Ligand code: SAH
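Okay, here we've got a single chain as structure tokens, the form predicted on its own, with questions on binding and movement later.
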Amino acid sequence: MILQEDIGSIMTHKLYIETVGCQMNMLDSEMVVASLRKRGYELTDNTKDADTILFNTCSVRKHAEDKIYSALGRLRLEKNRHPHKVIGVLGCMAQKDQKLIFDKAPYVDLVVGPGQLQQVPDLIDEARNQPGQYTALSLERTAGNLESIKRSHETFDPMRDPTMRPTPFQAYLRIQIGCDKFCTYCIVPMTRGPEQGRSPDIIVDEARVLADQGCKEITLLGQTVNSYRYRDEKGETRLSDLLLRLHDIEGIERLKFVTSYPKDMTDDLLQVIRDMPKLSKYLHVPAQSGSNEVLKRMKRGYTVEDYREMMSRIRETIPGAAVSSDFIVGFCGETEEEFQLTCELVEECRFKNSFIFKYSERPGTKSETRMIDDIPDDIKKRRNNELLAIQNRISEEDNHPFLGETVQVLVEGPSKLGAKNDTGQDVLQLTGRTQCDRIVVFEGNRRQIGQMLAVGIYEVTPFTLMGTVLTEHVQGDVLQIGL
């Protein structure tokens, strides 16, 4: 006999979810968890305790896919011992590899693309009640008319789970899905579909909900986020227009957006960043290469001269703004001279930081089908290390002006850096970011998490500013640079 009070515990499921890749994937996982919590799921960090195991995947680099296939391989025996467990592969790798996942790991139950994540709860129920292999995938880019393809890539955003966010005070908000740039090395236009801007009214409503939940910082997400456009009977909304609406929401103290496309860095957007105090003076704008010939082979759609002109407008419009970038080294046919042009661009632009990657051939991309991955791995590694060394030196040099200055920091939580006081006792180190996205570490207490604090900087490294929280009295005697 089952008592009424036992039903809740019987219906509770344990969910393990692992997320690989970009901020968009992190947001997707948050929404999947939110939808499953409504059906009684609890999170666990151990696959052995879970009756549902999900992997939200990335296909941008081979390493990310290898990691997931290795994780699936380790679950083979677990699934044999406990066939009731449901294993699902979600996201970009699911959309790209599709039935190949079942071929490599036939004990997987679900393969679900990023446009079908709203179906995950129902698909899990089906797989649990009637074991089999279930798929939910978007249409290929050539499989129908544009509108039907777009609809097949639509996502569900209102479902949110605060426990899945970077911190309780920070949240991601998707304003755009898909990409129409078709860079030759990139699989994203195929896995996430055509570029689509979400309705600004829906975005603003969602931001208000996040603010009511205690979020102080919102990061807007899009594959090329500054390309955002939304047209309806009211007219066209650009990213600058959207930012002005979001800026007025009470409770939101900081707004960011990633990742930007160089050709769409318009003057109206830069002026809004300059004039609106809540907007972070930080831009992430991938350059990918300093060689026009490499950019042409990548089909990036701009020249090095275009990128330099954009950087000049950023520096003129927003003095002190921090810019970070992405670079791919060892792309098909990259000569030593072309690589040196990339080094020169990094020296010239003096990025806050750069994310540097060795070229990884992606099946289904134009570079994979039409070009030869002809740069040996040892040369890719050497170029990666050389460019990283240049960037690290620049980052440290450009952090030095912060010594002795005061910065405003949104406190995110405990730092991974350990510290001891003069008596050898452990002290709590907190971490946060400045208005220009620099990481600051300082001694503090847990009550300060989520606050905006003034911190005086006394030491710098290429990646971190070390500081001390200042009292109002001390702040009055210190020149504050506000970054």
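Computed from a predicted model, the values in this text were never measured in an experiment. Residue positions are given as counts along the sequence shown, with the first one as 1.
Here the subject shifts to the form predicted together with this ligand, a form of this protein not shown in this document.
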Is there a heavy atom of P200 no more than 4.5 Å from a heavy atom of this ligand in the model of the complex? no
Is it the case that D326, even though its partner is missing from this view, gets within 4.5 Å of this ligand in the model of the complex, heavy atoms only? yes
Do Y282 and this ligand share at least one heavy atom pair within 4.5 Å in the model of the complex? no
Taking this ligand as it sits in the model of the complex, is Y230 in contact with it (heavy atom to heavy atom, 4.5 Å or less)? no
Options 311 to 319, 212 to 220, 282 to 290, 130 to 138; stretch whose heavy atom lies within 4.5 Å of this ligand in the model of the complex: 282 to 290
Which of these residues, R350, R208, K358, R151, gets a heavy atom within 4.5 Å of this ligand in the model of the complex? K358
Among R160, R362, R238, K256, which has at least one heavy atom within 4.5 Å of this ligand in the model of the complex? R362
Given a 4.5 Å distance limit between heavy atoms, list every residue of 58 to 78 close to this ligand in the model of the complex, or none if there are none. V60, R61
